[in-house]
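Okay, here we've got a single chain as structure tokens, the form predicted alone, with questions on binding and movement later.
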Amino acid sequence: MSRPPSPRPFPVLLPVRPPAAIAARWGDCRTATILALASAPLLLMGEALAAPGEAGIVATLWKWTPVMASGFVLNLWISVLAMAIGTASGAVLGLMQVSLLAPVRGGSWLVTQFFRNAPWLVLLFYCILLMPFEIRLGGVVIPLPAWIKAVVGLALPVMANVAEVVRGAIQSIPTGQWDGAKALGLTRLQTMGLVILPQCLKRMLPPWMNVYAILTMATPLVSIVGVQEAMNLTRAALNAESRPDLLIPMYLYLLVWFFLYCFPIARATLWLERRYGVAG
């Protein structure tokens, strides 16, 4: 018995969709376009409100760019040092959280939770106030300026967040990997170094980059404790100019710098999540 012919689907005109590559590029530049469109009217308004004898907004921003740039470089230097210290100590703390010894595991968990849930600004104040101004080693005096104390204060919460990243990556590895390494006669240390941690790298890299982006955006907090970084120098430039119309443009100018530095990191993080399939 022959089957009746299946009905033909009703023709529907589908909406036009851009190719995937064009859509991805638009997703990358959409935020930058919105930021540029939002900042342009503010700059134009500031130019219009400038007094006849005063320099324009753009000229004033250009005049103070070297000063602000020197502070911004200090922000980046603080973020790199704090991330390096926090990553090294956080990796050790994360490994301690998967230790077979209960006291080590419990103590590392307590330290991680304390610094992970402590306000970053409070940790900065503690480091600034409790750390000495200098350290004497024999006859050598090593000064500790405020920016070094700020690095330590920011490295503490980074350490706790990196420790959670390491712990989560290790515990996400299937138990069959541990069983296979044990069947091969590998010790726990050899299993961790040769089998587990190499598989954890691609799982840890995207959240590690997220932590660094958050740290970079948090570096202006050090201006509150007296570090002469970009925020403090921008405030000094505003005081020197004594022009209320410069308030929004100068802080917007500084915001654009942080955006241009952190936005590629965010896009690279998303690409790595798609590349390694760790998002889902």
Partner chain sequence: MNRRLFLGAALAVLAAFAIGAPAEAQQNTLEKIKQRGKLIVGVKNDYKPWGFLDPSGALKGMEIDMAEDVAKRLGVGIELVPVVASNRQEFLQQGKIDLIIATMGDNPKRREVIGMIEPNYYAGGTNVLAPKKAGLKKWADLKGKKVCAIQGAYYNKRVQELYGPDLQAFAGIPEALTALGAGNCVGFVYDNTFIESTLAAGDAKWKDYEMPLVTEDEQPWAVAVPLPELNGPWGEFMKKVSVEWHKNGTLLALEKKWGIKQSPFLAEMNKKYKG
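Numbering follows the first chain given and starts at 1. These figures come from a predicted structure and were not determined experimentally.
The next section is about a form of this same protein that is not shown, the form predicted in complex with the partner chain.
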{"query": "Selected contact from L252, I214, V67, V58, since only one has a non-hydrogen atom within 4.5 angstroms of the partner chain in the model of the complex", "finding": "V67"}
{"query": "The partner chain: the contacting residue among L100, L184, V140, L129 in the model of the complex [heavy atom, 4.5 Å]", "finding": "L129"}
{"query": "The partner chain contact at L201 in the model of the complex, heavy atom, 4.5 Å", "finding": "no"}
{"query": "Contact label in the model of the complex: L221 to the partner chain, heavy atom within 4.5 Å", "finding": "no"}
{"query": "Contact test in the model of the complex: E134 vs the partner chain, heavy atoms, 4.5 Å", "finding": "yes"}
{"query": "is_contact(A146, the partner chain) in the model of the complex, heavy atom dist at most 4.5 Å", "finding": "yes"}
{"query": "Candidate stretches 205 to 213, 107 to 115, 166 to 174, 85 to 93, one within 4.5 Å of the partner chain in the model of the complex by heavy atom", "finding": "107 to 115"}
{"query": "Heavy atom within 4.5 Å of the partner chain in the model of the complex - qualifying residues of 239 to 274", "finding": "N239, A240, S242, R243, P244, L247, Y251"}
